[in-house]
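Here we start with a single chain on its own, the form predicted alone, put down as C-alpha cells.
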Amino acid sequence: MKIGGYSISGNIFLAPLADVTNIAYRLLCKQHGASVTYTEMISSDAVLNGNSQTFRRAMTCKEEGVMGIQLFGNSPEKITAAARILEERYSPPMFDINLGCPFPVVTKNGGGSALLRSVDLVQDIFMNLNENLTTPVSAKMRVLGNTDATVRIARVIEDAGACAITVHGRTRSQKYGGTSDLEYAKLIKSELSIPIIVNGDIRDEHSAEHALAYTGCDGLMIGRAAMGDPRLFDRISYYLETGECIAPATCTQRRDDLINYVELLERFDLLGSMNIRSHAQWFTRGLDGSRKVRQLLNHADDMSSIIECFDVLCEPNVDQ
C-alpha cells in the first residue's frame, strides 16, 4: 500500500489516542508490528500559542518511520499555520486531521466530529493545507446519520487533496457506545480511489479479518484494544498471513513490555510527566488476577514497586 508517496509495509495502524500515543508508546507498538502510528490529537491553537507540552506530543524520530501528527481545530488558516510550524520543526511524514472526536471539549469549538456539519469548511481545511504544505495530509472521520451524506463528505476530502481517510463507523452521538457500522467504510472504499482505513471495534484477529473482508478497505486501525497490549499488532498480522492464532501475551511478556515502555519514556524525558501507575494498569488488562494487581498499583510509589506488583501478578495461583 502507498500513502502520501510512502510505501507502507503491512496494513495495521495504531489510532491516535489522547493520553496514550506518546512517542514512547508509538515506538513500542512499532516494535510489535504497527505499520503506521499517529500522535495524540493536538490542538492547532495550542501550537500557535507555543505550548511546550503540545510540542512534546508532536515529536517524532527517524526510528518511528511512517507516522502522522494529528491536528484538530475549526479554522483552515490556524490549522495550516500550526501544521507549517510543526512541519518545519519535525518534518513528519504526514499530518492527519481529526474529524472524529465526539467529546464536548473539542466539539464545542467546532472541532473534531463537529466539522462534519459543514462540508464547505472541511473542503477549505484540506484545500488550504494541501496548497501550503509539502507534507501529505490524511483524515480520520466519524460518520453522519446516513450513508449518502457520509460518502459525500469523504469524496470532498479526497477531492481537496487528502492522501487517505480512516473511517470510524460511529456517529458523534454514539461516542464509544453501540457498535461501529462497517457499511460506511465499505461504501466509501467503493466510491473513492485513495486508501481507506477501517476503524472501530477491531479488538482481535477475527474482528480484524472480518472488517477487512467485509469492507474491502486497504488497512485497519486499532485504538483502545492496543492499550497495554502492543503485541496485538503481531498477532493480527500473523493471523491475516497464515490463518493461525498466536497465543496472547503472557504476564511475563506484559511485564517486559511495560519495562520497555518505561525505558522509552525515560529516553525521551517523558517519564516525569506521565502518571505511570495509571499507564501500568493498561498492561494488566485481560490477565488473570489483574484486579488484585491494580489495587496494589494504586499504592506503588516508584518503578521498582510497580514492577514488583507485576511480579505478584506473574506468580502462579495469584488470587482472582
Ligand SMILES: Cc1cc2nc3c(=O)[nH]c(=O)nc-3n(C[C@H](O)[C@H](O)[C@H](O)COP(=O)(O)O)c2cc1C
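Numbers follow the displayed sequence, beginning with 1. No experiment lies behind these values; they were computed from the predicted model shown.
Missing here is the form predicted together with this ligand; even so, the following discussion is about that form.
Contact check for V312: every heavy atom lies farther than 4.5 Å from this ligand in the predicted bound form. Among heavy atoms of Y176, some come within 4.5 Å of this ligand in the predicted bound form. Among heavy atoms of P195, none comes within 4.5 Å of this ligand in the predicted bound form. Proximity of I202 to this ligand in the predicted bound form: non-hydrogen atoms within 4.5 Å are present. Listed stretches are 223 to 231, 78 to 86, 151 to 159, 114 to 122; the contact stretch with this ligand in the predicted bound form is 223 to 231, by a heavy atom cutoff of 4.5 Å. With the partner removed from view, the residue among D45, D288, E64, E40 that has a non-hydrogen atom within 4.5 Å of this ligand in the predicted bound form turns out to be E40.
Shown here without this ligand, the chain has A15, P16, L17, A18 in 1 to 34 lying with a heavy atom within 4.5 Å of that partner in the predicted bound form.
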